[in-house]
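Next up is one chain by itself, shown in structure tokens, the form predicted alone.
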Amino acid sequence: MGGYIEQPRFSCALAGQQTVLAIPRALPVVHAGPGCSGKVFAFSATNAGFQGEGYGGGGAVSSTNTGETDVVFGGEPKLERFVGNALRVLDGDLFVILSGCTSGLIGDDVVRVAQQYARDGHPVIGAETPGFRGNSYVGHEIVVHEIIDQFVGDVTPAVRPGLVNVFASVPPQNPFWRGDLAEIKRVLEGIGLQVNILFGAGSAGISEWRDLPNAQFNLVLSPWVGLDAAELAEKKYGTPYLHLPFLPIGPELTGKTLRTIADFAGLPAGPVEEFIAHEELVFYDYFVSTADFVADYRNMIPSELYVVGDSAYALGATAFLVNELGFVPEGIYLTDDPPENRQSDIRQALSDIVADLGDGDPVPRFEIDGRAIQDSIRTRLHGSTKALILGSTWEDYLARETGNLSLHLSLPITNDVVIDRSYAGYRGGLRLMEDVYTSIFKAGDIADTTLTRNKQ
């Protein structure tokens, strides 16, 4: 029997409904108790910098609102009628039935109900996502797996050289997923690839998923999320995959990543190097222009780094801030609860991409309890006011309490609006620099130095 945690960083597996909503014109149908869908939306989307309803999301998600009668006598007949009505009144390209805890406990078979409609030609699949199966990341994995298995199905691929499917973010558990996917697509197209980005405004929607078996390869930019989909596609369609266990941020890591991808895809080196050289020229032109600011305000710029976030983002952000901006890593707290058999790989990946990890405690630390994270940071600060804490709104309070700076990197974010912000790639690295340096003004250090913070 598990214990309890304070300040949770993710929702339950039913948050897979947000994965469905991230696909243009895809709609979830929730078979769960009253309130489940709304609570998932509130935590996963509203608390991701107020990402709202969109097309069929928020409070407009269809739900059977199962009650006592359904638990006693079974809820499948009600679900069958409900899906039929949804198909009549909702305009969507794909309907995903997701089960909640009550329907999961009593054994209602949402896949069977979905297949009943699919046999009649309706684009309906089922996904077993009761909350007890895991967290938001697990729910995302389940939904993606079922879309490939049931909707894309068993087809004979017509492989197109240069076509790649990208598995890189859990929307909106990664609050910057929209901007990140746009930047990833931009740089991959820049080196000559054709990209099925699969989620967000840059995706063509269901047609990209239908096209998934035709890819030359799949690309996983995450330590563990996305691997299940890539392995399934390899098994069903024979599609090879490239696994890079981080989200690249800044020119150094993005350049290395693009060269690795280009080599895997067999792309000619010339155009790839030309694109990287152009991106680095632009990046370092902006980078150098900040030199005067850094020189003038060097005593106000933080130097100690604490990162609280999911493993994909934490690795990339740490590598950029340590390798290229000179931060000293003091604590890295990974909150996505990766499987134990992946944790040693994540530690190794961090060691591979970060030049100097210092004497962390240890580095990285896998922790989902917000109280434990904040107690650890308080202890390691030793009264310092030279720290930058990347994390959630909860870390804002910790930074204010200890006289340090904070910046958002992970959920929950309830005091910031996130639209297309991204820290991924070249442009994301520049945005991260902007936000880090701007944070010293937001903290009042310049205009109100002695009143708001007691600098050492």
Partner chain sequence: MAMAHPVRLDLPEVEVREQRLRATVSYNGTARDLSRRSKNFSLVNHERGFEQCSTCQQGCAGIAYNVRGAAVVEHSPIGCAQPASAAMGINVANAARGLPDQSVNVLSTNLSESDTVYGGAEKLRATVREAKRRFSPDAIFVLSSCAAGIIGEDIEAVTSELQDELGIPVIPVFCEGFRSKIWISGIDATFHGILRQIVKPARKKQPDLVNVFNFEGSDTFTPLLGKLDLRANYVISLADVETLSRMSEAACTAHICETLATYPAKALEQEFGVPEVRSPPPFGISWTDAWLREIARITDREELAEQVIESEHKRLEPLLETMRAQLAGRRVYIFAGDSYAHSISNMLLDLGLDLIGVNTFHHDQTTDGGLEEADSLGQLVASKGDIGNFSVCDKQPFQMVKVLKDLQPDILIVRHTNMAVIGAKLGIPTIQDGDVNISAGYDGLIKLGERLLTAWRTRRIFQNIARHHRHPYSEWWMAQNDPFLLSSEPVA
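Numbering follows the first chain given and starts at 1. All values reported here derive from a predicted model rather than from experimental measurement.
Missing here is the form predicted together with its partner chain; even so, the following discussion is about that form.
Q: Which single stretch, out of 296 to 304, 215 to 223, 243 to 251, 98 to 106, brings residue heavy atoms within 4.5 Å of its partner chain in the predicted bound form?
A: Correct option: 98 to 106.
Q: Given that the partner is absent here, does residue 401 sit within 4.5 Å of its partner chain in the predicted bound form, heavy atoms only?
A: Residue 401: no, not in contact with its partner chain in the predicted bound form.
Q: Test of understanding: in the predicted bound form, would residue 93 fall inside 4.5 Å of its partner chain by heavy atoms?
A: Result no; residue 93 lies far from its partner chain in the predicted bound form.
Q: So in the predicted bound form, is its partner chain close enough to residue 344 to count as touching (4.5 Å, heavy atoms)?
A: No, no contact at 4.5 Å.
Q: Going by a heavy atom distance of 4.5 Å, is residue 158 a contact of its partner chain in the predicted bound form?
A: Residue 158 lies outside the contact set for its partner chain.
Q: Name the residue from 369, 228, 234, 149 that puts a heavy atom within 4.5 Å of its partner chain in the predicted bound form.
A: When its partner chain is considered in the predicted bound form, the option within 4.5 Å is 369.
Q: Given its partner chain in the predicted bound form, answer whether the residues 59, 133 and 397 all have a heavy atom inside 4.5 Å of it.
A: Contact check passed for all of 59, 133 and 397.
Q: Does any residue in 55 to 90 get within 4.5 Å of its partner chain in the predicted bound form, counting heavy atoms only, and if so which ones?
A: Counting only heavy atoms within 4.5 Å of its partner chain in the predicted bound form, the contacting residues of 55 to 90 are 55, 56, 58, 59, 60, 61, 62, 63, 64, 65, 66, 67, 68, 71, 78, 81, 82, 85, 86, 88, 89, 90.
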